[in-house]
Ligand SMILES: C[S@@+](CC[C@H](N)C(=O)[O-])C[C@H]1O[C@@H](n2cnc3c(N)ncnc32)[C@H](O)[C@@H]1O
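So this first bit is one chain, no partners, the form predicted alone, shown in C-alpha cells.
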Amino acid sequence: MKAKTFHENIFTLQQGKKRFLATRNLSPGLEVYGERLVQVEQTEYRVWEPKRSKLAAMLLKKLPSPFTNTSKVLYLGSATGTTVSHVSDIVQQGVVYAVEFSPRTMRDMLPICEERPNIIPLLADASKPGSYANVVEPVDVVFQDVAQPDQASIALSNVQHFLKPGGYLLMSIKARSVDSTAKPDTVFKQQLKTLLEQDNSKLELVKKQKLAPLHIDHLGVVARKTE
C-alpha cells in the first residue's frame, strides 16, 4: 500500500489497481463508522468512502478543497459524524463546529467528539444561526449537507453570519429535498440563483458539479465570499 498526497491532509492510497481516498487519523487505532484503517510506514489512515460522504464525492469530482491544517469550519448537518470525523482529520490544528438539529443523531455523534477535541458539537437549527452565534467564531469554511427545502437560504444566512471575507462555502444541493416533483436541473438553477444573485449575497461561484453516480440528484457547489 502506498500513500500519495491528494490535498493538504487528504490522501489517496494505492493498492494494486485500486485507489482509495483517505485522511490521516487524528485518533490512531480508533475507527468511527466501521471504516478501514490502513497503516503506511509510521502513519495510520482512515479510508474515506465517497458513497457515504458528499464531501468525499465532491473532492473526487475535482471540486476544489479550501481546507488547511488550521482551518476553522462550520459544518451544517453533521448527522452522526461520518464526514465530520474526516474533516476533523483534515483540520487537525483547527476546529469544526458541528451543527445538528436531531437530539438522537447528536447523541450518536457525541462519542466521536470525546475522542476528537477539535469537534465542537452544537444541537441547533441551521436555519437559525443566531442561536449559536455566541459560540461560533468567524470561520474559513462553511460546509453544508442538509435535507431542507430552503437549502440555499440556510447556507446564505450562515455565510453572512460567520464566513470570513475570502472564505469558502461548500455545499451539496439535494434536489429531491427541495422539490421532489421538479426536475433536478430546475431546482439546482433556482437554488443557485438564491445563493448567488441576491444583493446581500457577496458570493461568487468557483465551481459546480453534479455528484452522480455517487449521489443521484445532488449538485456539489463551491463559492467564495468576496467581502
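Quick caveat, the model's predicted, so the values are computed rather than measured. The first residue of the shown sequence is 1; numbering continues from there.
Note that the form predicted in complex with the named molecule isn't included here; everything after this is about it.
Chemist: Three or more ligand atoms within 2.4 Å of backbone or C-beta counts as blocked, none as open; so place the named molecule from its pose in the predicted complex by superposing the site C-alphas and call it.
Modeler: After C-alpha superposition the pocket is open.
Chemist: Residue 91: heavy atom within 4.5 Å of the named molecule in the predicted complex?
Modeler: So residue 91 does not count as contacting the named molecule.
Chemist: Can any non-hydrogen atom of residue 140 be found within 4.5 angstroms of the named molecule in the predicted complex?
Modeler: So residue 140 does not count as contacting the named molecule.
Chemist: Should residue 176 be classed as touching the named molecule in the predicted complex when contacts are defined as heavy atoms within 4.5 Å?
Modeler: Because no heavy atom of residue 176 falls inside 4.5 Å of the named molecule in the predicted complex, the answer is no.
Chemist: Is residue 71 close to the named molecule in the predicted complex, meaning a heavy atom pair under 4.5 Å apart or at it?
Modeler: No - in the predicted complex, heavy atoms of residue 71 and the named molecule never come within 4.5 Å of each other.
Chemist: Heavy atoms within 4.5 Å of the named molecule in the predicted complex: which stretch among 63-71, 185-193, 46-54, 24-32?
Modeler: Going by heavy atoms within 4.5 Å, the stretch is 46-54.
Chemist: Only one of 113, 124, 136, 95 comes within 4.5 Å of the named molecule in the predicted complex by heavy atoms, so just point that one out.
Modeler: Selected residue: 124.
Chemist: Just to make sure I understand: among 156-177, which residues lie within 4.5 Å of the named molecule in the predicted complex, judging by heavy atoms?
Modeler: Sequence-ordered list is empty.
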